[in-house]
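Two forms, one chain: they're shown below as structure tokens, one block per form, named structure 1 and structure 2.
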Structure 1
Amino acid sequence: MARAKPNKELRDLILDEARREMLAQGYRSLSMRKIAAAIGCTATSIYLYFKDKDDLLHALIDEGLDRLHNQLSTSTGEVKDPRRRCERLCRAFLNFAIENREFYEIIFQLHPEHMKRYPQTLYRRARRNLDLFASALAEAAGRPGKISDVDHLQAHVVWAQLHGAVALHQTQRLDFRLNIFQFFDGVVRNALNAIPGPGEES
């Protein structure tokens, strides 16, 4: 019964269905057989286009990283003041996390076990996003253009603050009495605290 027409688009069909299912039911509910059933092929066919399930997941992560990068890099707009640029980045990051729950999860929360063969191109794509923060921090510290180790470090601290907030929120560990907007505001404020004024250094 094998279709003779080499269905060039099957890979895309798989990817589309995987994304759809992930966004609808969560990435944990992804199953080779379910995806296959939904698009009318067999589970093993997927292995013609993806090495294994992780490989399929990596393709989605890749997509997610691109979306994040777009959202981050357009967020700063024409804003000149480096501190305000930073704030825009933080807000954009949080917005992305909230609006793209499942993408965020596979990008940042997926256990390293699934990353054993994580392709290096994804690492590079991920680094691009952090560098947006780092260069804004470099600018704020009065050395635009060149990202120093300190900027790199501070970018990680800011990132950790944001990620921690998102992670606790998404895993529902926050106290239910907490006002979530105040919380995120406080988080952004504290993240921006990590920015040293121009000239001053710790």
Structure 2
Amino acid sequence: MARAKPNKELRDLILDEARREMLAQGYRSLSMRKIAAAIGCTATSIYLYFKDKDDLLHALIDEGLDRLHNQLSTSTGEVKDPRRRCERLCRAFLNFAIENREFYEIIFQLHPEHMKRYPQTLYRRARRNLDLFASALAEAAGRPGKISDVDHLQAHVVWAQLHGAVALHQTQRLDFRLNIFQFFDGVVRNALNAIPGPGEES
């Protein structure tokens, strides 16, 4: 008997349902059988696409990071000024977090206790997002095309500031009197103030 060919539509349905299950019930409660029942297929069908629960979770993370990359890349457009590009990247990151909360939580806030190590190939794809920041930072420092360890470090610092702001907002740890858009504006300005100019090192 010939093995059924993978179907992209079914794969997308599996990912959508897994994302809902994960956020509603947590990683431990994620079940191939539950997902199959919810979308009307057999659990065996899911294994045509994902070998186990961790493989499914890795696919969810990769899917979210790919969407983030598209949004970050699109945000800079034809902008030539590196500091302006840094600002656009910061705002695109924050907008992604607000507009795609499910994806953001899967990528950055889900911490399964026993998940297998994230595959190296997917990790390299994930770094594309951080490299966009590092590249803009290198240009702002007068070193276009020459990303240094300092640039990668500064990119992590900026990323941490943005993620911290998002986490405080999403967990409702901010003063309710704050205007969230003004708060995010302040976060972006603070991140940009820390960016060294040409010839400077942070």
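Between two forms, the rigid core is the largest collection of C-alphas that superpose within 1.5 Å. Note that the structure is a prediction, hence the values are computed from the model and not measured. Residue positions are counted from 1 along structure 1's sequence.
Matching each structure to its source, the form predicted alone turns out to be structure 2. Considering the motion between structures 1 and 2, the entry in Ala59, Arg143, His152, Val166 that lies on the hinge linking the two rigid parts is Ala59. Note on conformational change between structures 1 and 2: two rigid parts, with the smaller rotated by 35° relative to the larger (from C-alpha fits).
Structural comparison between structures 1 and 2 after rigid-core fitting shows the C-alpha of Thr44 displaced 6.7 Å.
If you overlay the core, the Cα of Tyr27 moves by 8.5 Å between structures 1 and 2.
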